[in-house]
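Read the single chain below, which is given as structure tokens and is the form predicted on its own.
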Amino acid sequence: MSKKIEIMLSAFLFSMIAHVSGCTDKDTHNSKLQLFPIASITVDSASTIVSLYAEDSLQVGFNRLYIGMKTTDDGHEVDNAQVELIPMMDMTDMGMMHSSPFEEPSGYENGYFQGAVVFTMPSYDMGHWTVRVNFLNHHNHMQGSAVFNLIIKNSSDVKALTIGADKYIMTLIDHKEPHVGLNDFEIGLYKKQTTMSFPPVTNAMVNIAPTMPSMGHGSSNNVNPVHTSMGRYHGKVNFTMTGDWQVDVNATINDTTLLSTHYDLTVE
């Protein structure tokens, strides 16, 4: 475990006594942003209720997470707090733990502190994901920690790629329901430094090339993704007809090939 993680965990160790009250109806959504409720945890030592939401059920890939907080004494909605995320996979069958790429919440908006986690593998019988939410509630000047147990479904969004001794994580972002015509195409790119550290790659040159293998053609008017922030690269892909498409993705740094992979997408 890295020194940074050890410091954060020890700093919040005293406040880990919490009562978990999971949301019982997974088909209901929070009314503010129509979010999917994960669970709520009452952190007695900090007099704060921490609630975790997502845009849908969690899966391998890029997941936006929304944290809502209220004080337990008066139900006051906490809009001023310092919030940190720590995702962790505990692979008990292999006797190891690892983290994954993530984005810290940057501020409060629309009732939530919003961050993101790239889950790199699905949950399984002996492999369990958690997200620890460390916080300092500026309303009551108390700090605490809430640990959420998560179920992560499998998907093909994440590519783990190795070039020499270097390891990288690439993930699709916001690619649901591609349609005929010009579509947003966004990826996240991260370098694996250790099992606990996945800094974003911000200086890659990314090229995309969509093809339709069954028809033997590609498409024109595509826009290669460029870096926007925190390892995210945004571009446009043009699908000219319905069916199964393959989008080749090549990323280079300093004119040296870094990553080469592809994503299979179905256009309705």
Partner chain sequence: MRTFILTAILALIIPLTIRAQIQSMELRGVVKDATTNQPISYAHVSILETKRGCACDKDGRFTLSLPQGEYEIRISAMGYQEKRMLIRSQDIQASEIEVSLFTRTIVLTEEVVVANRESARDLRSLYDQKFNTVDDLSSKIDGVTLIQRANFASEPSVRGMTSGQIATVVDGMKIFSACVDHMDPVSAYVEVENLEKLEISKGSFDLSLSQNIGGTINMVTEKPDFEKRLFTENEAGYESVSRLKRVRSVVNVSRDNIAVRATFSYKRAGDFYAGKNNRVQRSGFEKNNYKVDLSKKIGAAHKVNVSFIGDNAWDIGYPSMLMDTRKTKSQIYSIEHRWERTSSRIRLIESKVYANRIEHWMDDYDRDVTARTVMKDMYMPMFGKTTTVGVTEQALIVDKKQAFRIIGEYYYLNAFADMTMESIANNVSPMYLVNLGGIDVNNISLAINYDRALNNRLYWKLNARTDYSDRSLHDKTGRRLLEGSISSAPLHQTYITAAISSVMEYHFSPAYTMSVALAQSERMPTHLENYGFYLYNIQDGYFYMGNPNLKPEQSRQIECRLISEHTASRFQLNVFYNIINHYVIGVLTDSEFKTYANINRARIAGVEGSGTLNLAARWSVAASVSYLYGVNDELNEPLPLIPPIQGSAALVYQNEIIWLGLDARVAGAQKRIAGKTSLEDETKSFAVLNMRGSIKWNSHLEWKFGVENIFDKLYHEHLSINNLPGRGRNIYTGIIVTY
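Predicted, not measured: the structure shown is a model, and the values here were computed from it. Numbering follows the first chain given and starts at 1.
The form predicted together with the partner chain exists for this protein as well; it is not shown, and the discussion that follows is about that form.
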(request) Kindly confirm or deny that S220, M241 and T266 each have some heavy atom within 4.5 angstroms of the partner chain in the predicted complex. (result) yes
(request) Using a 4.5 Å heavy atom cut-off, state whether S214 contacts the partner chain in the predicted complex. (result) yes
(message) Even though the partner isn't displayed, in the predicted complex is G127 close enough to the partner chain, meaning a heavy atom within 4.5 Å?
(response) no
(message) Within 4.5 Å, heavy atoms only: does M96 come near the partner chain in the predicted complex?
(response) no
(message) Residue-level contact is defined here as any heavy atom of the residue lying within 4.5 Å of the partner chain in the predicted complex; does K167 satisfy this criterion?
(response) no
(request) Just one of 107-115, 85-93, 174-182, 155-163 has residues with a heavy atom within 4.5 Å of the partner chain in the predicted complex, so point it out. (result) 174-182
